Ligand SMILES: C[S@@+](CC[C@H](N)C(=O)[O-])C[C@H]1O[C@@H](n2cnc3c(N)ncnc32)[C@H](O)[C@@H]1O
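One chain follows as structure tokens, the form predicted alone.
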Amino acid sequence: MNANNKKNKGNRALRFYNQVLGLDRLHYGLWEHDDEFSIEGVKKAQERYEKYLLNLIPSDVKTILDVGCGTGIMAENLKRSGYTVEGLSPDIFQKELSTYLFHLCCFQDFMPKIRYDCIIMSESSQYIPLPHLFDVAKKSIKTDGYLIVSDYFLLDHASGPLSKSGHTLKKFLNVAGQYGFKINHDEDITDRVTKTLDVAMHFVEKYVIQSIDIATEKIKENRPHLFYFICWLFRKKINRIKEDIKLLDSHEFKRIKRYKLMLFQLREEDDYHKDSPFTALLPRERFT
């Protein structure tokens, strides 16, 4: 798939979530036990997630770069709260939605003109290759500035379809340490985000799969040979759909992944190596 096709695919997904499902936000959400098991429940959980994330921003932060800014709702809320905000994404549709300074590029290709007090990566770090993520972040953040990462990460034993996305947690933390990022806050919110997968699975099973079954039922009864020919003809797409549905399995997600909310602070190298919990684990050479 070339770069243009990848962008178009991203545009379609974003438009589907935003214009069909009516979701203003694209992340998982932070659930409470009594939240409604519905799209409205997802919206409420997403709003709570965003507030929870923004409450993590240290009080001395004034300038923020929102990496992978989605529909721009979080950036708008940051602006209303008095922050100077810029957004970054390789998705042209996200640029069309933005009302703030926007950088249309991949983060690994970003060349900052200023240094920010804080960079926020809400479910965008998984798309940025290591070690480029921390290399560019270090060039973009002021000394003693912050990097907030909220995303899912793979455990060492991860396998299966769900293991194809996300950084390995141990490697992510190791590279962070090598670039001088110290963890100030580390929280596992896996159990509070995965209900979003359950809602999505319910939606697919109730509306998508049942609709397909109903639509093909008459063909299967009246023209069985045609039905099986169609199944054979589209077997690759059917298998791909089945694999995609597996990605909504919350039990499998919990088995091989952890959803982490982490606040890093960029330290001077000498200060960092004095008190970092990673110091003893790190090789002395840098990534190139």
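For every residue, the number given is its place in the sequence shown, counted from 1. Treat the numbers as computed from the prediction; the structure is a model and nothing was measured.
Unshown form predicted together with this ligand; subsequent notes refer to it.
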query	finding
4.5 angstroms heavy atom contact with this ligand in the model of the complex for Tyr83	no
Distance check, Phe153 to this ligand in the model of the complex, heavy atom within 4.5 Å	no
Any non-hydrogen atom of Pro131 within 4.5 angstroms of this ligand in the model of the complex	no
Partner proximity in the model of the complex: Ala158 to this ligand, non-hydrogen atom cutoff 4.5 Å	no
Proximity to this ligand in the model of the complex, single hit among Asp117, Glu76, Asp135, Asp91 (heavy atom within 4.5 Å)	Asp91
This ligand: the contacting residue among Thr194, Ser122, Ser98, Ser140 in the model of the complex [heavy atom, 4.5 Å]	Ser122
Residue stretch of 186-194, 67-75, 173-181, 159-167 approaching this ligand in the model of the complex, non-hydrogen atom distance within 4.5 Å	67-75
Sequence-ordered list of residues in 25-54 near this ligand in the model of the complex, where near means a heavy atom within 4.5 Å	Arg25, Leu26, His27
